[in-house]
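Below you'll find only one chain, the form predicted alone, shown as structure tokens.
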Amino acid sequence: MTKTAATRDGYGEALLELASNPKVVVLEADLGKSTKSLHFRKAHPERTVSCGIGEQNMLLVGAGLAASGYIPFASTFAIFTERAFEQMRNGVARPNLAVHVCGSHGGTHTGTDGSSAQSIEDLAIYRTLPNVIVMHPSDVVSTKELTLQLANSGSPSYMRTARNKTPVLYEGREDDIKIGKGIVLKEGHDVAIVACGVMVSEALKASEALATEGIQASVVDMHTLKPLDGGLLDQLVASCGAIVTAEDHSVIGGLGGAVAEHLTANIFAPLERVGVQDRFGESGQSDEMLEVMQISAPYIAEAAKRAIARKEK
């Protein structure tokens, strides 16, 4: 049976491990239990700052701490990070202060919380900011490893994590995980499926279904949307000739948008984007939402066939 875990747990585990560095501090906005920063708080209350329900204040407290030589990690729900965009822009990104923001419960996979709590635009929003690393890891192991690496990055960052459990893909493969470098999980020559977050496991399912039809698909975990691994994308275009992106995020401005921008400026290939179309989500179970949004494995497989058909014209 496939082992599963929530990516938010990887974030919490990483904070505990980073506690050996006295410069690491954690900021909370009354959601430590949900984001899993509570483990750090319990172990190191003297290095944890409760900012209450005040994300704007939390980001600027983080900026002040970063300017004073500390390494702040600030977390809340992804949807609530959006209310602090101005502070992230002017207080963190513009002076290039290494504040690390984690937005949990992003995407429609969050499920029953409904559309008001489902951030489908967070990755696009933060990708527009200069200096900011933007990531959406796919499993608990990569989330932990990427969080550990952020502490030494020297750059501000935004990472999306999830509440619901997803398959563990990288146990024992920590050395494969690097900020800014996509990971090839499966190699094929007909089409490349480039995914992030929960959609990586869906992409692997899609590749298995395609294989039964004689279609060999590469599957790539593009956990870092910014800086995007353009070199890997160029290799995929050369080897496969067609690309599909898959994300639990708006097709506007997220992973699909980032890949489209790269392809049009470098080596062109047919691209099909699987993601939330120009709409909001709704309330439902996590797996139901993937179906409602038409982003589950069967939809990825159909997009792969469309991309291949366009390649052959």
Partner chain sequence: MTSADELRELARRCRVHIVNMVHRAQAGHPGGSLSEIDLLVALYKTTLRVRPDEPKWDDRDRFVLSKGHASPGMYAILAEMGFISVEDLSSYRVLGGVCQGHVDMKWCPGVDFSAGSLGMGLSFGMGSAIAGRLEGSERQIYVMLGDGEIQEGSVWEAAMAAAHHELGNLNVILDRNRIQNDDFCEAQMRMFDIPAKWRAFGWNVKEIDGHNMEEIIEGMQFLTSTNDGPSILIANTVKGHGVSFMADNPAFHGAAPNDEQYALAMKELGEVGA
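None of these values were measured; they are calculated from a predicted model. Numbering follows the first chain given and starts at 1.
There is also a form predicted together with its partner chain; it is not shown, and the following applies to it.
Enquirer: Indicate whether the candidate residues 30, 33 and 289 are all in contact with its partner chain in the model of the complex, with contact defined as any heavy atom within 4.5 Å.
Expert: Per the other structure, all of 30, 33 and 289 touch its partner chain.
Enquirer: Consider residue 113 of the chain shown here, and say whether it contacts its partner chain in the model of the complex, taking contact as heavy atoms within 4.5 Å.
Expert: Contact check for residue 113: yes, within 4.5 Å of its partner chain in the model of the complex.
Enquirer: Determine whether any heavy atom of residue 52 comes within 4.5 Å of a heavy atom of its partner chain in the model of the complex, and answer yes or no.
Expert: Yes.
Enquirer: May I ask you to state whether residue 261 is within 4.5 Å of its partner chain in the model of the complex, using heavy atom distances?
Expert: Because no heavy atom of residue 261 falls inside 4.5 Å of its partner chain in the model of the complex, the answer is no.
Enquirer: Please determine whether residue 277 contacts its partner chain in the model of the complex, using a 4.5 Å cut-off between heavy atoms.
Expert: No, residue 277 is distant from the partner.
Enquirer: Pick from 213 to 221, 79 to 87, 239 to 247, 135 to 143: which stretch has non-hydrogen atoms within 4.5 Å of its partner chain in the model of the complex?
Expert: It is the stretch 79 to 87.
Enquirer: In the model of the complex, which residues of 271 to 288 put a heavy atom within 4.5 Å of its partner chain?
Expert: Counting only heavy atoms within 4.5 Å of its partner chain in the model of the complex, the contacting residues of 271 to 288 are 282, 283, 284, 288.
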